[in-house]
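Next up: just one chain, as structure tokens, the form predicted on its own.
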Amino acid sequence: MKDRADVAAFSLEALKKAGLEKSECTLRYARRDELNLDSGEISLLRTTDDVSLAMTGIVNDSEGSISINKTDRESISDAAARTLEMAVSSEPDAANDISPNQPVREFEKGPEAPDLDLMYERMRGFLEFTREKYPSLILEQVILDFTRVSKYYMNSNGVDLRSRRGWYSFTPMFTSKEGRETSSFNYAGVSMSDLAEDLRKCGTIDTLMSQSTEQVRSMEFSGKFMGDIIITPDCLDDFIQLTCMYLSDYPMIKGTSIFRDSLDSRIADPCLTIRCMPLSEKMASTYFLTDDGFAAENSTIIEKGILKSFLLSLYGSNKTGKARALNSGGAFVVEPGEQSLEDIVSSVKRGVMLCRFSGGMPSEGGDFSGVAKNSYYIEDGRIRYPVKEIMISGNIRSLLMNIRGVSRESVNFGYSILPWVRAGEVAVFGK
């Protein structure tokens, strides 16, 4: 089967022939052209291909799912038979379902093929820039790649959704060294629709490399205090993800979500607005199809502190009786505030500029703790020094309610657009 749509259609027919009452399949083809820089030298250009076929079937409210990486007829027919076996052996659940009939739609975004010569030129320019401006910086590994993904979703309700996307991604990983002193490892990441701009100018890459050279002289902090954190754009996505976890299927179905009864109620300071914008033209790496078989739409999660939507899949919606989310999350855009970053910093009596956070999953009640890395100590409205790894802890619900400022400056990473956010009532622990 040469036509990829034919593969998806054959998979759907195989599930029907196997005896599934309802069925769906998602076919994903991806090709990645990758340029690597290792130990300061451009070392590798390679192309990799990946294919995955996910097949799901329902019989008597029991569901079976399987994923394979072969698309020949024999493999697909065998996978369909195994899907039926899994469904028959599963517990029935009336919430199992597939998306209803929708108009046939096809989406397309980004270039179809990479400019390999320009990729090499941009990588070489980045290497020359870092050697000249940051001689103490060590580029551990740098990856510049172009990815194009074709996706096909079909189900037995007649749904036929297709998308093609292409984008560049750039990820440098680095540390700095002066004599025997080294900074903590750090990295940056950004997605782009084209390579019109020098790589160092994308996202916060130049800022983070500059900070790395400063962090060679990081200082120890001892003691404990309750203060503010200024969450940088590089770190903010992590905290949004922690918040969204409580809006997703498992805690909502289990009834343990700290926001389970908070729809249309205030859960954050009014200065905070968070949107999921998978259809945004401002971002390079987004998506058109949801994981549960719908054409994605933009949505608002929190608007001026008010919770406006949960992030429930079709299954989660059926289990809870609450509305299904219009998308699969991610592609976050936080509306900018009215304060400059300079003014936000000057308003902090004592706190931390949180540039990277490493922590485990928060508790059911929203408590979190972890290590602040590549961060800065703030006192009396001034950034005093880069601080060696320290612990911070707090509560997600309290953190949202104690947001005290959102910067008017934002950073477009290509997959999210985020400002700096100041939040209070966070515990900071040194040695």
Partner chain sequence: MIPVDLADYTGSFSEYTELRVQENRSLNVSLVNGDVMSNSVSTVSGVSARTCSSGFWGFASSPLIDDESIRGVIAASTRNSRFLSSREKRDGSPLPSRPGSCSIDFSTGKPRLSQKDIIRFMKDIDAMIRDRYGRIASRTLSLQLLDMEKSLVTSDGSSGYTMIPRSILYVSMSTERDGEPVQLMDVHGGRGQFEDVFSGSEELGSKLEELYGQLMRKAEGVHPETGIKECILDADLAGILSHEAIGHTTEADIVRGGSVAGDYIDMQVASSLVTLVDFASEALGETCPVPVYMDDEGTVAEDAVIIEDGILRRFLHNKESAAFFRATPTGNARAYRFSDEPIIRMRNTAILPGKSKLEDMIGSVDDGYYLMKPSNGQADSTSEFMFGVVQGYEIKKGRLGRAIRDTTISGVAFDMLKTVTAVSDDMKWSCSGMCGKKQAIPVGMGGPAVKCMMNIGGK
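Residue numbers count along the first chain shown, from 1. Keep in mind that what you see is a predicted model, and the values were worked out from it rather than measured.
As for the form predicted together with its partner chain, it is not shown, yet the points below apply to it.
*Asks:* Considering 105, 109, 82, 133, which brings a non-hydrogen atom within 4.5 Å of its partner chain in the model of the complex?
*Replies:* Looking at the other structure, the residue within range turns out to be 82.
*Asks:* Could you spot which one of 204, 175, 317, 169 gets a heavy atom to within 4.5 Å of its partner chain in the model of the complex?
*Replies:* Only one listed residue qualifies here, and that residue is 175.
*Asks:* Is residue 74 close enough to touch its partner chain in the model of the complex, meaning at least one heavy atom pair within 4.5 Å?
*Replies:* Although its partner chain is absent here, residue 74 would stay clear of it in the model of the complex, with no heavy atoms inside 4.5 Å.
*Asks:* Does at least one non-hydrogen atom of residue 122 fall within 4.5 angstroms of its partner chain in the model of the complex?
*Replies:* No, no contact at 4.5 Å.
*Asks:* Residue 185 near its partner chain in the model of the complex, any heavy atom under 4.5 Å?
*Replies:* Contact with its partner chain, yes.
*Asks:* Residue 234 versus its partner chain, in the model of the complex: is there a non-hydrogen atom within 4.5 Å?
*Replies:* No, no contact at 4.5 Å.
*Asks:* May I ask whether 44, 140 and 364 all come within 4.5 angstroms of its partner chain in the model of the complex, judged by heavy atoms?
*Replies:* Yes, because 44, 140 and 364 each have a heavy atom that approaches its partner chain to within 4.5 Å in the model of the complex.
*Asks:* Specify the contacting stretch among 248 to 256, 263 to 271, 291 to 299, 346 to 354, defined as having any heavy atom within 4.5 Å of its partner chain in the model of the complex.
*Replies:* Result of the contact check: 248 to 256.
*Asks:* Could you pull out the residues of 43 to 75 that have any heavy atom within 4.5 Å of its partner chain in the model of the complex?
*Replies:* 43, 44, 45, 46, 47, 48, 49, 50, 51, 63, 64, 65, 66, 67, 68, 69, 70, in sequence order.
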